[in-house]
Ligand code: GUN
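Read the single chain below, which is given as structure tokens and is the form predicted on its own.
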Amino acid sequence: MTTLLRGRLLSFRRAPQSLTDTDSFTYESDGGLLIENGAIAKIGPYADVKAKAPADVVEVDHRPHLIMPGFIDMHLHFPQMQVIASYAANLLEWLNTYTFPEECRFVESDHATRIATHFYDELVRHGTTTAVAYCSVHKTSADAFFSEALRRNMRMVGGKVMMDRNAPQGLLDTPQMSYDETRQVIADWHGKGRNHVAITPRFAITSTPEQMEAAAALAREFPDLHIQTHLSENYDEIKFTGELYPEAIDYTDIYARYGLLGRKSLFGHAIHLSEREADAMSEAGAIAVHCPTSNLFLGSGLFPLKALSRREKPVRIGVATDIGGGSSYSMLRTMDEAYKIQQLLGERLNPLESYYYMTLGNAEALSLEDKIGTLDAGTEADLVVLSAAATPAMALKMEVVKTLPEELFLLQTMGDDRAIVETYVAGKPAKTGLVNS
């Protein structure tokens, strides 16, 4: 089926340099988006695209709403849906008190399957069409995660967590088991549908040197796969990690020593990097993934997004919800908190930058910008339709909004799942039909 969507279209070409950098994006006030076989076939003014569309094209008029590429979430934990909103003093207490006991339940395939259904429902409800997720240590969790992604035809990245120490017995594998099961997950799921498997040592605290060697072996065997882990989220974590790996220069050096620091390496948090570590990440092309709601919720620190971006050796950055340390599934809420963190650091994050990060920026961080993150012809039709008048309070504010950046900032500041009119996955509406959509 060929579909023609009509509405206001916004897509980024590159990172905006300022609030007035109109060359960084494409905007059509009355745009047309022609979708064929799950991909964008044409984009432009509605009248032009309509004139070239087949006679039997199905039209959907989303005016006056804004159509953008679907949001991309660079870091979250699939098994932590029932961990979100758990009271704890800090990261390590939160992990031991709530997270690890909950993840033990994912040995049961029925539980993993049930949570996977809810997980994808929430992503779609909030306009997220691609996410990078940690499963639990159990292969059953990865099977449930990828099976549901395949059923919904969503482009997802995920991995079975590798962890063999400093966790409950029900969450421990061994170096050999983690290697074998990750290899089997790759064989079962990578490239099936739109699935991408990531090599996933949870973090250095929960992996012995022997398991890190197993992760290194996987990285050598599968050099095109993403690698995801955690880095420098919390001062106590950094201190403990240094005690476990006394031979390393610093936390980042641990991953570098095992060949896990590269262009497709995704490091959750990376708040407290030294200059040497930031240089090492920059030189390797690795990604620091900013998780603002989680960092604030757990009191981990203020991520220096602007400072890392403008260094002589800039660090590549992605943004993410980090469910369930994070407190919202919404990328809009996430970037609202990211804005506030920069304010506290005496910096400014303008709304054009926020939406760049949620779309093209995160796609570039995943090396998937040829497939997702824009409205370019030939890319996959993963889209979000946004209403800046979704609630009475937002509608009242919209009466005085005059510019596109003002509208984007309103959506970011006051928007949530109610602002998501529709989410399209590979050209098909996915939010319509969800319970309480």
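Residue numbers run from 1 along the displayed sequence. The model shown is predicted, which means the values in this text are computed figures rather than measured ones.
One more form of this protein exists, namely the form predicted together with the named molecule; it is left out here, but the text below deals with it.
Engineer: Exactly one residue in H126, K160, H290, R202 has a non-hydrogen atom within 4.5 Å of the named molecule in the predicted bound form; which is it?
Structural biologist: Comparing distances to the named molecule in the predicted bound form, the residue within 4.5 Å is R202.
Engineer: Heavy atom within 4.5 Å of the named molecule in the predicted bound form: which of I84, L95, A256, L171 fits that? Just give me the one.
Structural biologist: Partner contact (heavy atom, 4.5 Å) among the options: L95.
Engineer: Looking in the predicted bound form, any heavy atom of L298 within 4.5 Å of the named molecule?
Structural biologist: Contact check for L298: yes, within 4.5 Å of the named molecule in the predicted bound form.
Engineer: Just checking whether E233 would be counted as a contact of the named molecule in the predicted bound form - the rule being heavy atoms within 4.5 angstroms.
Structural biologist: Flag for E233 set to yes.
Engineer: State yes or no: in the predicted bound form, is some non-hydrogen atom of D73 no more than 4.5 angstroms from a non-hydrogen atom of the named molecule?
Structural biologist: No, D73 is distant from the partner.
Engineer: Is S327 part of the interface with the named molecule in the predicted bound form - any heavy atom within 4.5 Å?
Structural biologist: S327: no contact with the named molecule in the predicted bound form.
Engineer: Heavy atoms within 4.5 Å of the named molecule in the predicted bound form: which stretch among 281-289, 76-84, 302-310, 105-113?
Structural biologist: The contacting stretch is 76-84.
Engineer: Looking in the predicted bound form, is the named molecule within 4.5 Å of a heavy atom from each of R194, D382 and T423?
Structural biologist: The answer is no: none of the three residues contacts the partner (heavy atom, 4.5 Å cut-off).
Engineer: What are the residues of 280-297, in order along the chain, with a heavy atom within 4.5 Å of the named molecule in the predicted bound form?
Structural biologist: Only S294 sits within 4.5 Å of the partner.
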